[in-house]
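Here's a solo chain for you in C-alpha coordinates, the form predicted alone.
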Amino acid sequence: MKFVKEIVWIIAFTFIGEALNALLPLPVPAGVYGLILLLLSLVTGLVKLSDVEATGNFLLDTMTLMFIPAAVGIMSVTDVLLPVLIPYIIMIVISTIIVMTVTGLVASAILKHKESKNIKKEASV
(Lines give C-alpha, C1' and ligand atoms only; values in the text may rest on other atoms or scores of the structure.)
Protein backbone atom coordinates (compact mmCIF):
# COMPACT_ATOMS: atom_id res chain seq x y z
CA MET A 1 0.00 0.00 0.00
CA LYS A 2 2.93 2.33 0.72
CA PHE A 3 4.13 2.11 -2.89
CA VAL A 4 0.65 2.84 -4.20
CA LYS A 5 0.47 6.00 -2.08
CA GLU A 6 3.93 7.07 -3.27
CA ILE A 7 3.14 6.48 -6.95
CA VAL A 8 -0.13 8.41 -6.55
CA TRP A 9 1.86 11.42 -5.26
CA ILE A 10 4.25 11.23 -8.20
CA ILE A 11 1.47 10.79 -10.74
CA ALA A 12 -0.47 13.69 -9.17
CA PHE A 13 2.48 16.05 -9.62
CA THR A 14 2.99 14.74 -13.15
CA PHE A 15 -0.67 15.44 -13.93
CA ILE A 16 -0.46 18.94 -12.46
CA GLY A 17 2.64 19.53 -14.59
CA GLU A 18 0.72 18.42 -17.69
CA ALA A 19 -2.13 20.78 -16.81
CA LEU A 20 0.27 23.70 -16.31
CA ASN A 21 1.96 22.89 -19.61
CA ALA A 22 -1.42 23.08 -21.36
CA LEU A 23 -2.42 26.31 -19.60
CA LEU A 24 0.80 28.34 -19.62
CA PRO A 25 2.26 29.57 -22.92
CA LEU A 26 5.86 28.94 -21.81
CA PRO A 27 8.30 26.61 -23.60
CA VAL A 28 8.72 24.42 -20.49
CA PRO A 29 8.12 20.66 -20.63
CA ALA A 30 5.33 19.31 -18.46
CA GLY A 31 7.75 17.08 -16.58
CA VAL A 32 9.77 20.09 -15.49
CA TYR A 33 6.65 21.76 -14.09
CA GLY A 34 5.84 18.59 -12.16
CA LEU A 35 9.38 18.24 -10.80
CA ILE A 36 9.51 21.88 -9.72
CA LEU A 37 6.16 21.57 -7.95
CA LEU A 38 7.27 18.36 -6.24
CA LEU A 39 10.51 20.03 -5.15
CA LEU A 40 8.62 23.01 -3.75
CA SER A 41 6.25 20.67 -1.94
CA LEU A 42 9.17 18.78 -0.42
CA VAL A 43 10.94 21.97 0.63
CA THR A 44 7.81 23.47 2.21
CA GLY A 45 6.90 20.21 3.94
CA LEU A 46 3.60 19.74 2.10
CA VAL A 47 4.96 16.35 1.02
CA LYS A 48 7.41 14.46 3.20
CA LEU A 49 10.41 12.78 1.59
CA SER A 50 9.28 9.46 3.04
CA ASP A 51 6.04 9.87 1.05
CA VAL A 52 7.87 9.52 -2.29
CA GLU A 53 11.36 8.23 -1.51
CA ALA A 54 11.07 4.47 -2.13
CA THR A 55 9.18 4.81 -5.41
CA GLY A 56 11.45 7.64 -6.53
CA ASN A 57 14.52 5.52 -5.85
CA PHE A 58 12.97 2.61 -7.74
CA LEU A 59 12.25 4.86 -10.74
CA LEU A 60 15.84 6.17 -10.66
CA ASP A 61 17.23 2.64 -10.42
CA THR A 62 15.24 1.51 -13.47
CA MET A 63 15.76 4.68 -15.51
CA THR A 64 18.27 3.08 -17.87
CA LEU A 65 15.61 0.63 -19.01
CA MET A 66 13.45 3.56 -20.08
CA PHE A 67 16.02 4.53 -22.75
CA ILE A 68 15.92 1.18 -24.56
CA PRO A 69 12.89 2.07 -26.76
CA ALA A 70 14.54 5.37 -27.73
CA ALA A 71 17.78 3.59 -28.65
CA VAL A 72 15.88 1.07 -30.77
CA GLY A 73 14.02 3.90 -32.46
CA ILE A 74 17.28 5.65 -33.28
CA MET A 75 18.72 2.44 -34.71
CA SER A 76 15.73 2.13 -37.05
CA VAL A 77 16.42 5.54 -38.66
CA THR A 78 20.20 5.38 -39.05
CA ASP A 79 19.98 6.25 -42.75
CA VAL A 80 18.39 9.58 -41.81
CA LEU A 81 20.90 10.28 -39.03
CA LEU A 82 24.12 9.44 -40.90
CA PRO A 83 24.37 12.80 -42.73
CA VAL A 84 24.11 14.73 -39.46
CA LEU A 85 26.00 12.31 -37.22
CA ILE A 86 29.18 14.40 -36.87
CA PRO A 87 27.37 17.64 -35.87
CA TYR A 88 25.25 15.65 -33.37
CA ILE A 89 28.33 14.06 -31.82
CA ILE A 90 30.02 17.46 -31.54
CA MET A 91 26.90 18.95 -29.89
CA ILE A 92 26.67 16.02 -27.48
CA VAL A 93 30.32 16.28 -26.46
CA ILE A 94 30.19 20.08 -26.02
CA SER A 95 26.92 20.03 -24.08
CA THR A 96 28.20 17.21 -21.85
CA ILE A 97 31.33 19.20 -21.03
CA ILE A 98 29.26 22.31 -20.28
CA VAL A 99 26.84 20.39 -18.03
CA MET A 100 29.69 18.69 -16.14
CA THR A 101 31.53 22.00 -15.69
CA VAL A 102 28.49 23.92 -14.47
CA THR A 103 27.51 21.07 -12.13
CA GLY A 104 31.02 20.98 -10.67
CA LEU A 105 31.11 24.74 -10.19
CA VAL A 106 27.70 24.82 -8.53
CA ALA A 107 28.58 21.89 -6.24
CA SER A 108 31.86 23.60 -5.32
CA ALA A 109 30.08 26.88 -4.57
CA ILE A 110 27.53 25.08 -2.38
CA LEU A 111 30.28 23.31 -0.43
CA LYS A 112 32.21 26.57 0.07
CA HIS A 113 29.03 28.27 1.27
CA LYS A 114 28.35 25.46 3.77
CA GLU A 115 31.95 25.54 4.99
CA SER A 116 31.84 29.30 5.52
CA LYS A 117 28.58 28.91 7.49
CA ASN A 118 30.19 26.23 9.68
CA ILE A 119 33.27 28.40 10.27
CA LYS A 120 31.07 31.36 11.26
CA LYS A 121 29.07 29.12 13.66
CA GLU A 122 32.25 27.80 15.28
CA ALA A 123 33.69 31.31 15.62
CA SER A 124 30.55 32.62 17.31
CA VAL A 125 30.45 29.74 19.82
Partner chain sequence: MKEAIINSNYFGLILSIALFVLAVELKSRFKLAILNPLLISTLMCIAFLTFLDIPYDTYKSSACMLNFLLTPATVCLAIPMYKQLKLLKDNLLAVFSAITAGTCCSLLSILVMGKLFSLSDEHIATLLPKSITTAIGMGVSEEAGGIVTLTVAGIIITGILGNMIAESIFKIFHITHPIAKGLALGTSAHAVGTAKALELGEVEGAMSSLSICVAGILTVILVPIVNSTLV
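Quick caveat, the model's predicted, so the values are computed rather than measured. Only the largest set of C-alpha atoms that superpose within 1.5 Å between the two forms is called the rigid core. Positions refer to the first chain, counted from 1.
Absent from the display: the form predicted together with its partner chain. The rest refers to it.
- Among residues of the shown chain, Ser116 is not one whose heavy atoms approach its partner chain to within 4.5 Å in the model of the complex.
- For the chain shown alone, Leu46 is not a contact residue for its partner chain in the model of the complex, no non-hydrogen atom being within 4.5 angstroms.
- Taking non-hydrogen atoms only, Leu111 approaches its partner chain to within 4.5 angstroms in the model of the complex.
- Taking non-hydrogen atoms only, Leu24 never approaches its partner chain to within 4.5 angstroms in the model of the complex.
- Contacts with its partner chain in the model of the complex, taken as any heavy atom within 4.5 Å, map within 69-96 to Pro69, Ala70, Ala71, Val72, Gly73, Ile74, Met75, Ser76, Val77, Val80, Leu81, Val84, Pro87, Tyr88, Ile89, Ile90, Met91, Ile92, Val93, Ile94, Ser95, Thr96.
- Core-superposed comparison between the shown form and the other one: the Cα of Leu26 travels less than 2 Å.
- Core-aligned CA deviation for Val106 between the shown form and the other one: 2 Å or greater.
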